[in-house]
Structure formats: structure tokens, C-alpha cells
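Below, in C-alpha cells: the form predicted on its own, a single chain.
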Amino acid sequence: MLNWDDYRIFLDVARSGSLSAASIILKIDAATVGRRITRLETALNSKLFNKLPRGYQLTQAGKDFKEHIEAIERTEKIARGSLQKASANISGNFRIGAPDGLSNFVLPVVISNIQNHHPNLNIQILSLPRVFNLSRREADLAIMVTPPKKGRFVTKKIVNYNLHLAAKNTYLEKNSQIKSKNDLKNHNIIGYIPDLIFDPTLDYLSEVIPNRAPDLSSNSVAVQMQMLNLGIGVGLAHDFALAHFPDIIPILKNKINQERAFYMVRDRDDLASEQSNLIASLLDNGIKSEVKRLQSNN
């Protein structure tokens, strides 16, 4: 006999794309996850996944079934939320999709503070350099630099953040001085891989040095910061990240200052859940506070 746990296992495999990834989320071994998927397919008399070298891919039947189960999931969350008032007893899994810069340098402190007060809440950070699909329930909530213009979403601005040109002090000591933007032509530039910038808002470098591709690049903010920390170039860095690297210092601070903002994006249906609303509020306040704290150090 099937129960909601079977459907939950199916959703986690569908969203993660593999038995091993789902097993980590579910905290059961991958073999058990595989057996439960097989049992589900047998009970439904339908093939839900194609097993590929890179993982589990939904068949068309699987995609149709996923939409149906996600509708049930949304209804279940609404029902649970209407009964579960905001309290110190919030629990369960809650997944946040966020840019990797925020995920690496801000969110660990924020979720640690939240879980200190709510130890039964398991917050998961999905950190990828791309846009998250809330409609497909890839995350319960997303933090974005550019909020979506379409869909059943509710968007709230959290906080502004700043970026400055920066380099490690040892790099600046060994290389020619940087007194203006024009001097940058003589330096290694670190930045995003141009053709992998998924959001034009993240194309920071072109505003500072037009028509100049980076000499060293990555689609990850964390990797770019490690490049700067090795003292091998100059790049635009988030002020909240610079607070973690005292030897990387801002350059031309009064001449180059880019400002962006983080937005919280939620599925409209989740507003009916008191627990989701409480978690969203805690994240909103925590991110705002931590970004401001870190930026005050620069």
C-alpha cells in the first residue's frame, strides 16, 4: 500500500536527479530509495524514470505524475500551515535557492542563528549559479538578484549590497599602481565567464571595463574570491565577501561602487502556511542584518 512517504521519495528523486542525492535529503540509504521507486512504478504500472549514466530522468509519465503530486504537496502544505501557527516548534525540511555568493558568505551564519532557536528545522541551501524554478518546487523559497516578472510569485526586496574593485595586498605591492580605470589594462582581471552569465544584472565587469573579457574567470563567486586571495589578479568583489578576506582590499573605492539588491521570491500558495511565513521572516531579517554587518567592515 502506498502512502505519502512514497510520493515524497519520488519528488526528491525527481528534483535531485539521482538516488544518492535524494538519499542524503531523506536520510535513508540509496538502495532503499531505489526499492521504493521500483515499488511505486510497479503499483502505478508505469515507468516514471529513465536510468541514465548521469542520473534519473523523468519520463513523460513521470513528468505528468510529478505535476499531480506537487499539486497534492501544495494542498498539504496549505492545510498544515492553517493548523500550525507560528511557534518555537517549527520543524521539517525547508530548502532555499540562492546565488553562490550569498550562499557562501552570508547564509551559513543566518541559518545557524535560526537553527539555534529552532533545532527541529532542517534548512537546506541549494547554491547554484542559475535561476531557481519555484513552480517545479526546486526550492521552497528563492533569493534572487533579478526577481521574476511572470508567474504566481510574491517578491520582496531584502537588502541592497555593494561591490568594489579589489585585489590582495601582495598583488598590489608587486604590480603597477592602479590610480584610474585606465590603469586596469595592465593587470590580470578576474570575473565571470562571459557566456555563462545567466542574468544580465550579474555582468558587473562590463560596467567597469567595457569590451574587456576577464583573463581569469569562473561562474562561481567563491572561486573568484579564491583567485583574488591567491594574489593573481584584480576583480569586482562583494563587500560582504571581502569581510571574510582581510588581505583583499578595495581599489578606487570612491570611483567604482556598484550596487545591487537581493529579493526574496516565494510561491503565492505558500503564503497560506504560517510556518513558511515565519521562516521567510527569519531569513529576511537575518540576511538583512548579516549583509549590513559584513559590509560595515569595509
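Sequential numbering from 1, following the sequence displayed. Rigid core: the largest C-alpha set superposing within 1.5 Å between the two forms. Computed from a predicted structure; not experimentally measured.
The next section is about a form of this same protein that is not shown, the form predicted in complex with the DNA.
Undergrad: Please tell me which of Thr59, Asn229, Thr32, Ser46 lies within 4.5 Å of the DNA in the model of the complex, judged by heavy atoms.
TA: The option sitting close enough to the partner is Thr32.
Undergrad: With the partner left out of view, is Ile28 within 4.5 angstroms of the DNA in the model of the complex by any non-hydrogen atom?
TA: Yes, Ile28 lies within 4.5 Å of the DNA in the model of the complex.
Undergrad: Please determine whether Lys253 contacts the DNA in the model of the complex, using a 4.5 Å cut-off between heavy atoms.
TA: It does not: once the DNA is placed as it appears in the model of the complex, Lys253 has no heavy atom within 4.5 Å of it.
Undergrad: Given that the partner is absent here, does Arg36 sit within 4.5 Å of the DNA in the model of the complex, heavy atoms only?
TA: Yes, Arg36 sits close enough to the DNA in the model of the complex that at least one of its heavy atoms falls within 4.5 Å.
Undergrad: Consider His68 of the chain shown here, and say whether it contacts the DNA in the model of the complex, taking contact as heavy atoms within 4.5 Å.
TA: So His68 does not count as contacting the DNA.
Undergrad: Using a 4.5 Å heavy atom cut-off, which stretch among 60-68, 46-54, 245-253, 231-239 contacts the DNA in the model of the complex?
TA: The contacting stretch is 46-54.
Undergrad: For the stretch 234-262, which residues lie within 4.5 Å of the DNA in the model of the complex by non-hydrogen atom distance?
TA: Heavy-atom contacts to the DNA in the model of the complex: nothing from 234-262.
Undergrad: State yes or no: after fitting on the rigid core, is the Cα displacement of Gly55 between the shown form and the other one at least 2 Å?
TA: It does, since the Gly55 C-alpha is displaced 2 Å or more between the shown form and the other one after the core fit.
Undergrad: Comparing between the shown form and the other one on the rigid core, is the C-alpha shift at His244 2 Å or larger?
TA: After core superposition, the C-alpha of His244 moves less than 2 Å between the shown form and the other one.
Undergrad: With both forms fit on the core, has Ser20 moved 2 Å or more by CA between the shown form and the other one?
TA: Superposed on the core, Ser20 moves its C-alpha 2 Å or more between the shown form and the other one.
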